[in-house]
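Only one chain is given next, in structure tokens, and it is the form predicted alone.
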């Protein structure tokens, strides 16, 4: 019974659902404050100290608003797709070792890196379904852009993620972390740069926010959503940010590894993981605020003509580098 209570506490509270939701709200606040400073605006200021409770207040407001369902929508998919997409990204994050182990209290398994990316791809497809089921031309256009962008950039993202896996000699997230006595960002910095750009596209951050480009297609796939359904779509985007930062930290920055000054070690691991994730969030938000939105044709050409060839070249370079390191050692 004690084991069961510990297991459910890990799933629901720490480092599970409640902790992940808290991270999502914290990262949302950091993004908004950083964007406000870079664009000479105030940002969240009144809800809580320095406006830190503003993201929570926004979700409470959305969940209490009336939901309007347009005529002609596929009600079943329209209703479930926001919840399913949110749940899938939460499930993907549960396999990432936040405090040294994953949420299930284990070291994972060989190949969980591929499982995580498979879940993220399926989550992106459910986002497509949410817009496609809305029976709105702007939503349908935004959902098609989701397929073009998310599924297209999945190819270079996975190829680039294989590079640290090659250095570690494992497809296990936990083993990749354990092999980073020196964070891989210092060994293969070019892969980190390309992975960050590719992840920028996966997270719909500028200059890759074309699936919901407000100046072109209203709100894209979100156009016909309101109330709780819109809240779940926004939560999905926040979960994507948490997922992207967590995967980047795990693959290139040593995950939760860092100095442990005193017991308990899991507390220090969690602290280092959060601090490294905030660093990644700042990099992503800095790129977003500094860049203007690309056109859809530029995004597609950039993927097939630039990112995929560079990711293949980076993988080959990493394989050669690993062979050289093994030869020297």
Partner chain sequence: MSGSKYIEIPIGPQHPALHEPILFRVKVEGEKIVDVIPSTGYNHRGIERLCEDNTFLRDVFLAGRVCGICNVIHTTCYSECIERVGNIDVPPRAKYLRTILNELERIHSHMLLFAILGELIGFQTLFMLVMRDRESILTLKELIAGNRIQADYVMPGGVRKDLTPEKIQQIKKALDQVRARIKYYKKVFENDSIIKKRLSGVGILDVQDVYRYGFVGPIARASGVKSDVRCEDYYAAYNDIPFNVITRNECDSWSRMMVRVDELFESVNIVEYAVDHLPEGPIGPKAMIRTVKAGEAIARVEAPRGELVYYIISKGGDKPYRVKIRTPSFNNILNCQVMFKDANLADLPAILVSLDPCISCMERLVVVEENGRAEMKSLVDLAR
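Numbering follows the first chain given and starts at 1. All of these numbers come straight from a predicted model, not from anything done at the bench.
There is another form of this protein, the form predicted in complex with the partner chain, and it is not shown here; the text below is about that form.
J.: Thinking of the partner chain in the model of the complex, which stretch from 237-245, 200-208, 184-192, 87-95 has heavy atoms inside 4.5 Å of it?
T.: Partner-contacting stretch among the options: 200-208.
J.: Answer with one of 39, 265, 64, 45: the residue that has a non-hydrogen atom within 4.5 Å of the partner chain in the model of the complex.
T.: For this set of options, the contacting one is 39.
J.: In the model of the complex, which of the listed residues (171, 218, 230, 73) lies with a heavy atom within 4.5 Å of the partner chain?
T.: It is 218 that has a heavy atom within 4.5 Å of the partner.
J.: Decide whether residue 115 counts as a contact residue for the partner chain in the model of the complex under a heavy atom distance cut-off of 4.5 Å.
T.: No, no contact at 4.5 Å.
J.: So, in the model of the complex, is residue 69 in contact with the partner chain at a 4.5 angstroms heavy atom limit?
T.: Contact with the partner chain, no.
J.: Against the partner chain in the model of the complex, would residue 125 count as a contact residue? Criterion: heavy atoms within 4.5 Å.
T.: Outside the cut-off, so no.
J.: Does residue 140 reach the partner chain in the model of the complex if we count a contact as any heavy atom within 4.5 Å?
T.: The answer is yes: residue 140 has a heavy atom within 4.5 Å of the partner chain.
J.: Can you list, in sequence order, the residues from 52-74 that come within 4.5 Å of the partner chain in the model of the complex, counting heavy atoms only?
T.: Heavy-atom contacts to the partner chain in the model of the complex: nothing from 52-74.
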